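A single chain comes next, written as structure tokens; it is the form predicted on its own.
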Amino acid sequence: MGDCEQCMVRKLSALNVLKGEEIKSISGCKVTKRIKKGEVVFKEGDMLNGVYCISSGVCKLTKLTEKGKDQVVKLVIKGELLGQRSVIINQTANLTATALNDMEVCFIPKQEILQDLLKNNEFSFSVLKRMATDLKEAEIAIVNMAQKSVRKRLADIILYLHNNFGVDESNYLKVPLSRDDFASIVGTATESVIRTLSQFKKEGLIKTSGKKIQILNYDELELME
């Protein structure tokens, strides 16, 4: 990535409110990193020395459960920041960030971010709003887990992947999740996900090729109860 002032991705993030010398300062100290599919950006328990702004690609945030399984908490796309909460409260990372496809991120040192948070109230408020949104989404996910059927939750995730990440040239979802990842997000057993996807296929709602999924009947998935 080049100059932060010209970066289109920055306009999607909380960094958008920074101006002039603030952006020049970030541009001068950031480090661009390329991360391969499957590589870990940071692990739960790591002490982070800065935040990551996603320039391209998608990553998953996971939490290790007491049973030793990775629970998918959120999927993160370009324009979002990773690690800001841990940096602000000066604690180790609560989640693990893993690339779902090839990514490019800009690493911004901790001191630079903290300095901007202290000096720029608009930036602080922007970061706070995004953290509040994350909390709201987590609350909604908990309610959905209790109130929606597995079929409905799985249909919602498939539509979410379609609406937020798009499809490839063959019309399959651009971000292929493993059945284990689907199970983790939906909150059910992997076997239940496999069985439900098989039902969706028989009903003509989707088709699959390995891990890849293509939506055949968007409206029916949306109306799923």
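Values in this document were obtained by computation on a predicted structure and should not be read as measured data. Residue numbers here begin at 1 and follow the sequence given.
The discussion below concerns the form predicted in complex with another copy of the chain, not included here.
Could you spot which one of Asn163, Ser198, Asn171, Thr65 gets a heavy atom to within 4.5 Å of another copy of the chain in the predicted complex?
-> The option sitting close enough to the partner is Thr65.
Taking heavy atoms only, is Lys148 within 4.5 angstroms of another copy of the chain in the predicted complex?
-> Lys148 belongs to the contact set for another copy of the chain.
Does Lys69 reach another copy of the chain in the predicted complex if we count a contact as any heavy atom within 4.5 Å?
-> Lys69: contacts another copy of the chain in the predicted complex.
Might Asp134 be said to contact another copy of the chain in the predicted complex, defining contact as any heavy atom within 4.5 Å?
-> Taking the distances in the predicted complex, the answer for Asp134 is yes, it comes within 4.5 Å of another copy of the chain.
Decide whether Pro176 counts as a contact residue for another copy of the chain in the predicted complex under a heavy atom distance cut-off of 4.5 Å.
-> It does not: once another copy of the chain is placed as it appears in the predicted complex, Pro176 has no heavy atom within 4.5 Å of it.
Which residues within 106-141 place at least one heavy atom within 4.5 Å of another copy of the chain in the predicted complex?
-> Heavy-atom contacts to another copy of the chain in the predicted complex: Leu114, Leu117, Leu118, Lys119, Asn120, Asn121, Ser124, Phe125, Val127, Leu128, Lys129, Met131, Ala132, Thr133, Asp134, Leu135, Lys136, Ala138, Glu139, Ile140, Ala141.
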